[in-house]
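Below you'll find only one chain, the form predicted on its own, shown as C-alpha cells.
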C-alpha cells in the first residue's frame, strides 16, 4: 500500500537496552535463581503465563518440581504466593510490572505486605522498556508501590546487580518488589568493583561539577553521560541508588551537601512519585537547598513504537540526557 507505515517488529518494540558494543549477559535473573535454589530448597518460582518473558523459564527447566504456572491470573498468582509463604516457602513471583502494579495491587497489599510475608515479586518491563504502549509500560509502578508499608523496592542497574540482588532479597525477611531487566542484559558495574547491598546507595564515580543520582538502567546511562560531559570539562559524580525503599537518605544527603554542586536525578519512571521526588523530599527534610532537576518520563501516557526512538523522544537516552545536562549546566 502506498504511503503505509512500516510495521514494527517485536524485536523493535521489546529490544535490548544495551548500547552498541556493550557487554551483555543472558537471563541473569533466571540463572541466579537456579544457583540460589541449589542451597535453598524452600525457593519456588511462580508466574502468570510469563516464564519466558521474565527469564523464569531457566528456573522451570532446572527445577520443574518447584515451578508453578498460574495462568493469566495475576491476582491469583499473588494470593497463591502468599499461601506458599505461609507454608514456609520463599516464592519468587514473576510477571510484567504493569500487571503487578495495576491488576494485583490489592492482593500484594493485603495478602502479602500486610502479613509481612516472605514473597519476592520480580517484574519485567519496568518503566519505558517496551514499545507496546501504555498497556505494557510501567511508568508509574514505583509511585504506586512506594506508599505500601512493609514493602522493600529494588531497581537494579545491570546483569551483575541482578545476580547479586537475587540472593540478597532472598535473605531479607519480608516482601520485596524488584524491577527486572530481562533477556540480554548489559554488564556495566563489573568495571567499578561494585557490590550490591540492600538499602545502600553507592558512589560509582566522583566529580565536582554536578551530582547525578540514578537507579536501574538510568545508572548506565548516567555513567555514559558523565563520560560525554567530561569532553566539555564538566566533571559529573554518579551515585547509584538501587534500593528505592528504604532509601539511603544519609548517603544521598551527604553527597548532595558536598561542595554545593547541583543535583540531577535520572530515572526510568514518571517524574511523579518515583526516585526524583523521594530524593527531593530527603534533601528538603535535611535543609539542603541545591539546584535540582529531574531527568525522567513525563506525566503522560506514552506512545507505542521502536524503543530507541521512544527513549530519545522522552529524554532518557544517553544523547538526550547529555543534551539536557549541557543546556542546564
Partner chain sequence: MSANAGLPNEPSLAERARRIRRNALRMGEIQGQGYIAQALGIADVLAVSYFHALRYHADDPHWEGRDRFLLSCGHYAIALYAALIEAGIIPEPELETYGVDDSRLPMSGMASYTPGMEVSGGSLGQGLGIGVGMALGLKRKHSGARVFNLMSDGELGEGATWEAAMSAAHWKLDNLVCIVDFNNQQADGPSTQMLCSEPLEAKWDAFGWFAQRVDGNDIDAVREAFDRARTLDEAKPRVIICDTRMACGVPFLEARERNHFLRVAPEEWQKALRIIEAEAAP
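Positions refer to the first chain, counted from 1. Keep in mind the model is a prediction, meaning the values are calculated, not measured.
Below: the form predicted together with its partner chain, not depicted.
Visitor: Among 206-214, 150-158, 244-252, 79-87, which stretch sits within 4.5 Å of its partner chain in the predicted bound form, heavy atoms only?
Guide: Of the stretches listed, the one contacting the partner is 79-87.
Visitor: Taking 188, 198 and 227 together, does each of them reach its partner chain in the predicted bound form with some heavy atom inside 4.5 Å?
Guide: Result no, not one residue of the spot touches its partner chain.
Visitor: Considering 31, 40, 57, 66, which brings a non-hydrogen atom within 4.5 Å of its partner chain in the predicted bound form?
Guide: Contact with its partner chain in the predicted bound form is made by 66 alone.
Visitor: Among the candidate residues 73, 143, 184, 257, which is the single one with a non-hydrogen atom no more than 4.5 Å from its partner chain in the predicted bound form?
Guide: If I apply the 4.5 Å criterion carefully, the residue I get is 73.
Visitor: Given that the partner is absent here, does residue 106 sit within 4.5 Å of its partner chain in the predicted bound form, heavy atoms only?
Guide: It does: once its partner chain is placed as it appears in the predicted bound form, residue 106 has a heavy atom within 4.5 Å of it.
Visitor: Indicate whether its partner chain has at least one heavy atom within 4.5 Å of a heavy atom of residue 171 in the predicted bound form.
Guide: Result no; residue 171 lies far from its partner chain in the predicted bound form.
Visitor: Verify the contact flag for residue 111: yes if a non-hydrogen atom of it lies within 4.5 Å of a non-hydrogen atom of its partner chain in the predicted bound form, no if not.
Guide: Heavy-atom contact with its partner chain at 4.5 Å: present for residue 111.
Visitor: Hey, in the predicted bound form, is residue 51 touching its partner chain, heavy atoms inside 4.5 Å?
Guide: Heavy-atom contact with its partner chain at 4.5 Å: absent for residue 51.
Visitor: Going through 18-37, which residues have a heavy atom within 4.5 Å of its partner chain in the predicted bound form? Please give them in sequence order.
Guide: Not one residue comes within 4.5 Å of the partner.
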